[in-house]
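We begin with a single chain expressed as structure tokens, specifically the form predicted on its own.
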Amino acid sequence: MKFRDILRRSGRSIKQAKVRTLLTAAALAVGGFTLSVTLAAANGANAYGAKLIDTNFDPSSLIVAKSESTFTSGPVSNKPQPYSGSLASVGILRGHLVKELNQKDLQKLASINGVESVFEPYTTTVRYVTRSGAGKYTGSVEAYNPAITHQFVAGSVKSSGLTANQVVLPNDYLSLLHFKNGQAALGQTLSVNLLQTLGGTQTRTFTIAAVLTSPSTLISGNINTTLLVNASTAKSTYDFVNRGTVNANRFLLATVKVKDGTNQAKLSAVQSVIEKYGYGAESAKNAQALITQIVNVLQIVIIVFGLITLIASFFGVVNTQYISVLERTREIGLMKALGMSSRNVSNLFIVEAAWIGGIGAVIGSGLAIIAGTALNPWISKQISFGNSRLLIFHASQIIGLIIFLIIVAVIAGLLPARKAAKLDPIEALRSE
């Protein structure tokens, strides 16, 4: 008996038991739906992670800390620690003490062969931001980092960077400072009042060079209240506010730009030297690997639940096929009496199981694609993904999943098929 004849005959048998077939396939469809959505979510999360890294990190740069413990989740100690002039409590990270960088560290990093420049992340909380005729609002000042991809509502920053009296204003300040729109704010002035920790105030005036919007892929959580200025202005602001305090000239992180750092070998070589000096260093590739690892762990957890559903579906296929064998005992006996081999009888039930698996897989994956495509904009809005999509379906994965579910169904159909193949035709024809 040819395979196409087996395929056609098994198809007729499936049609004759539509309800039972669909109910069994529905169980497989649940597993197919779960696994399709899980794979799509992992694709979307990894794509978003890659976009996040591309937006916030220069691939030719390294993020450097005083020690590796800044990047690792070490145990939190509530006991007194040995004093160190560079030790600081960083509760915002992991609640444990870490050492901070100082000017000597920055100079040492800058002297390493292959390092092009060292960017100091001077960030200062200001007393208030205001302009003539407007109220006073809180905020902070930070050095403009060209390694980060910025999106502007109006204006732009030249490749040479900002001048000493220029500022990039976050979009959220426009209405507060009585600007009609971003374009109207360009070239206007605003005042930043600084409060020195040990007493004294200072007011600085800046000209608005550009208005910044906060993309969904920006890591900095306070970007909506952070005014960006050039590095020297950020340093002088930081020095004024922290003069005479323990925070003066100390930094949690610094950005080290590597010459020809897009060459992974050169970037890794500089990173190795930095780490040999006892510093912690992370590249964009390291950060992306960490995000991918987190996504993969979550993906495995969800896949496990999907596989549990498939196990239940597996026994559902076994049960359905066993019932089919019992109901068609006389039919099987007649086929064998007319010359159909035991192998062909077995193949008939295996193909029927494959039909069930294929139908369930197509229904589950199809519903996942339809629902995912329809809900993607809403999901992105709810989790602030911007224009990115959480669910990204790859045809190769869907096809692979359908084949996998068909194989699961075929394996489930092997035992009933074996039972059908072993039926004695005479005994089968005597059955009621």
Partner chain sequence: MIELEDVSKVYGKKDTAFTALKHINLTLPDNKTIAVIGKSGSGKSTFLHLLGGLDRPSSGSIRINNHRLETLSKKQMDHYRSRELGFVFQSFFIEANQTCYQNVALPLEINALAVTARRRLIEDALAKVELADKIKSPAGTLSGGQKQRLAIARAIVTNPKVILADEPTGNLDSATGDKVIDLLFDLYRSQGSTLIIVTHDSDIANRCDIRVFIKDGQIDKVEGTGGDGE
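Positions refer to the first chain, counted from 1. The structure presented is a predicted model; accordingly, all values stated were derived computationally and were not measured.
Below: the form predicted in complex with the partner chain, not depicted.
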item: Answer range among 199-207, 329-337, 138-146, 351-359 for contact with the partner chain, defined in the predicted complex as heavy atoms within 4.5 Å; value: 329-337
item: In the predicted complex, the residue from Thr245, Asn165, Ser132, Ser341 that sits within 4.5 Å of the partner chain by heavy atoms; value: Ser341
item: Partner contact for Arg9 in the predicted complex: the partner chain, 4.5 angstroms, heavy atom; value: yes
